[in-house]
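The form predicted alone is given below as one chain in structure tokens.
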Amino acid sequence: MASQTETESGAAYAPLRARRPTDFDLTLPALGLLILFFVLPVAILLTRSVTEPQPGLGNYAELLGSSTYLRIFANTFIVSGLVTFVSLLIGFPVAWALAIMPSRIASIVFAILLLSMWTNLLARTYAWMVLLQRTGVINKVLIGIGLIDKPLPLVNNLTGVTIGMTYIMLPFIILPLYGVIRKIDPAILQAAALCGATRWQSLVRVLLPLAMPGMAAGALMVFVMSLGYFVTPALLGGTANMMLAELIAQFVQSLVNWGMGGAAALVLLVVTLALYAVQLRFFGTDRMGGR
């Protein structure tokens, strides 16, 4: 009788028990934000790019068929590739040094890196404008030590854009590399040395392959961010060396041509997603995270 009463009581209170959330329930807020702030704007851009000023693919044909626009695409990819390459060349030794140096010194270097990231982007770009101009510190130092006879043109060209963007992008490639290098067991390099490998062989055949996921993740981040960068190329490059983000801003703000602006933005988005897909194909999410 008592067990029957307990069963009836449990059945009575069963509807009041809270249902445990499923994985899908937990992802609903993130999916809602993704749809609201990414999928919906992209859909609107896609619609406007094929409907304004008239329905069809005329905007894409004009964008990809004009030599002027193709030169802007070329500028964008050349600068982004150079920035990524130079950032890797500088970032890898810095990340390796951070991984092997004493923790107290490493914390100071980390603080400098974070401080550079937290400093206002516009202020950093204007600082480079001052440093790179003909009467700036860099040209004065080069002339003073006798390396050059006259000031170098480092502003209003792609050289200045590459220098300024490399400085800004360095932390974004150093931090992923540092995380991957820290997980490499030092005993592996010691074993390579015991087997007769030189330092160069240990670097090329052991350290670089193990650090490749971090290099790929950092390179992708830097390259994609460089493709869509606006402030630094606009200030250091000038109108004669326009990049794709500046072109999109000009279409939307100055020319009020949403059709062309949407087409250019979607071309940039497709390139970005294609690069990300290629990296996932060769590295996967686990290797990109250094696991």
Partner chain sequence: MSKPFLQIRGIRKEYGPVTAVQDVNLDVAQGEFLTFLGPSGSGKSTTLYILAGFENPTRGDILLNGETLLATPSHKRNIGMVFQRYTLFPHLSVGENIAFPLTVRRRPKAEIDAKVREMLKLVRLEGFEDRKPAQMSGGQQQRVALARALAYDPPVLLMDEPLSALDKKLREEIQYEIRRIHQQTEVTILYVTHDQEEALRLSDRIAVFSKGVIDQIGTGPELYANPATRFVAEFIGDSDFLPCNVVSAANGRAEIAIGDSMTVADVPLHGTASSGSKAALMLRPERLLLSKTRTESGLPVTVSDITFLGNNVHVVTRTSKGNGLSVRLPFGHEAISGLNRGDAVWLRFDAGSAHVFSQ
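Just so it is clear, the model here is predicted, and its values are computed rather than measured. Numbering follows the first chain given and starts at 1.
What comes next is about the form predicted in complex with its partner chain, which does not appear here.
A.B. asks: Answer with one of Met101, Ile148, Cys195, Ala127: the residue that has a non-hydrogen atom within 4.5 Å of its partner chain in the model of the complex.
C.D. replies: Answer to the contact question: Cys195.
A.B. asks: Out of Leu158, Val206, Ala216, Ala106, which one falls within 4.5 Å of its partner chain in the model of the complex, going by heavy atoms?
C.D. replies: Looking at the other structure, the residue within range turns out to be Val206.
A.B. asks: With the partner left out of view, is Ala187 within 4.5 angstroms of its partner chain in the model of the complex by any non-hydrogen atom?
C.D. replies: Looking in the model of the complex, residue contacts with its partner chain include Ala187, since a heavy atom lies within 4.5 Å.
A.B. asks: Check Gln201 for me: does it contact its partner chain in the model of the complex (non-hydrogen atoms, 4.5 angstroms)?
C.D. replies: Gln201 belongs to the contact set for its partner chain.
A.B. asks: My question is simply whether Leu115 lines the interface with its partner chain in the model of the complex - judged by any non-hydrogen atom within 4.5 Å.
C.D. replies: Leu115: no contact with its partner chain in the model of the complex.
A.B. asks: Is the gap between Leu210 and its partner chain in the model of the complex 4.5 Å or less for some heavy atom pair?
C.D. replies: Taking the distances in the model of the complex, the answer for Leu210 is yes, it comes within 4.5 Å of its partner chain.
A.B. asks: For the chain seen here without its partner, which of 179-187, 161-169, 118-126, 89-97 has a heavy atom within 4.5 Å of its partner chain in the model of the complex?
C.D. replies: Heavy-atom contact with the partner occurs in 179-187.
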